[in-house]
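Only one chain is shown below, in structure tokens, and it's the form predicted alone.
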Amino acid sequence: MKAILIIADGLGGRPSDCGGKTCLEAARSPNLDKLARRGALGLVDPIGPGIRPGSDTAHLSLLGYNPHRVYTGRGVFECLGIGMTVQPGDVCFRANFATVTPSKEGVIVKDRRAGRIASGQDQLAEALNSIKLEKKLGIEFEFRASTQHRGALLLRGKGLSRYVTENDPHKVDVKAPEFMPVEGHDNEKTRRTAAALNELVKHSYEVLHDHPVNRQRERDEEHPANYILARGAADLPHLDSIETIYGVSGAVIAGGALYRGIALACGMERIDAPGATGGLDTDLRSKANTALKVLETLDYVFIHVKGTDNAGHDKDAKAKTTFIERIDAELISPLMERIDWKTTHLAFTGDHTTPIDYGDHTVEPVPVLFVGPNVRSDTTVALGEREAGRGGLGRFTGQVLPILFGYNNWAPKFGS
């Protein structure tokens, strides 16, 4: 048996998205509709009814883990997904290049994303990594650039703690706050961690503001990437690997570091598909071809696509609808044509709802589709939110991958 899990990030929507329909309902998706007629639909609350999910916690839940027990923060997944080695005791952050101006009160954030910088990030990261923190702290760090303004930051040393605040104000034209111990966690570890972070970001401006990359950006009338904002502090969570639980091996195909990182933490292998960008321009056919290749040697594959969520956050209904249509034509179609449907089960869902009018995650459940030889088909005829509400699977919380594995007879028995 083989298994395929596809998560279209931010798939869900509201009727206000497309003139009385959600983007999924408005999209022309004949292949997904065909699978819906062959399989069964339902609604999944990624974490639980009424809980507004983050992408990280939602994915943990959909993959079968209890985020209330195992989640330590997002930063560790960003570090893992970008290829950094994380050890027990390390503290990890997701980070941004930002544009700031100095003032008497401190640094004022002018652009949290430094104009979505598209080149020169590696040179800036090299400059950052030349910074030496005070020896008395006994703390080392590594910064690695990702895509555009994004990056990841790792602190290593004895006696660190993830219970520190962030320096990202999430607004512009305001002061970047200092790192501090989280309320209720004021101790030597948190104070040392906050002190190291405050020293690091102070030096980040010193080494970046006059860097040749930024001098050129200013000549080009672009925002300089002259500061680092860090958030999502996390240490290494304890996750029993999927192979340990189910006795099967699999891989992740994802353009975004976060999703690769979560899958790696769960014990999956990382497989890169040529042209996979984590954006609206990603090569979906390449993901399909790569997934089929993976299944020649491994038991299952998890395919993540991000463009649906990007369009939702941008409040662009046309872009979201068009990307869903691309998923249908460029990802689902080639998989349908080449999968051995006598031995393969497939699940298709999202990690949360991202309505066009709101532009962020909301609490509504997301449609989920299961199809394969052991799935009892229902009477649904198309993939959409309201049709999924009538589906035979009903409404449940998380656990999409365990259910998928159950159809393949891989689920361990609970009890005797």
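Numbers follow the displayed sequence, beginning with 1. This is a predicted model, so every value here is computed, not measured.
Just so it is clear, the following notes concern the form predicted together with a further copy of the same chain, a form of the same protein that is not shown.
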{"item": "Complete contact of Pro402, Gly406 and Asn409 with a further copy of the same chain in the predicted complex (any heavy atom, 4.5 Å)", "value": "yes"}
{"item": "Touches a further copy of the same chain in the predicted complex: Ala26 (any heavy atom, 4.5 Å)", "value": "no"}
{"item": "a further copy of the same chain contact in the predicted complex: Ala382, any heavy atom under 4.5 Å", "value": "no"}
{"item": "is_contact(Leu393, a further copy of the same chain) in the predicted complex, heavy atom dist at most 4.5 Å", "value": "yes"}
{"item": "a further copy of the same chain contact at Arg37 in the predicted complex, heavy atom, 4.5 Å", "value": "no"}
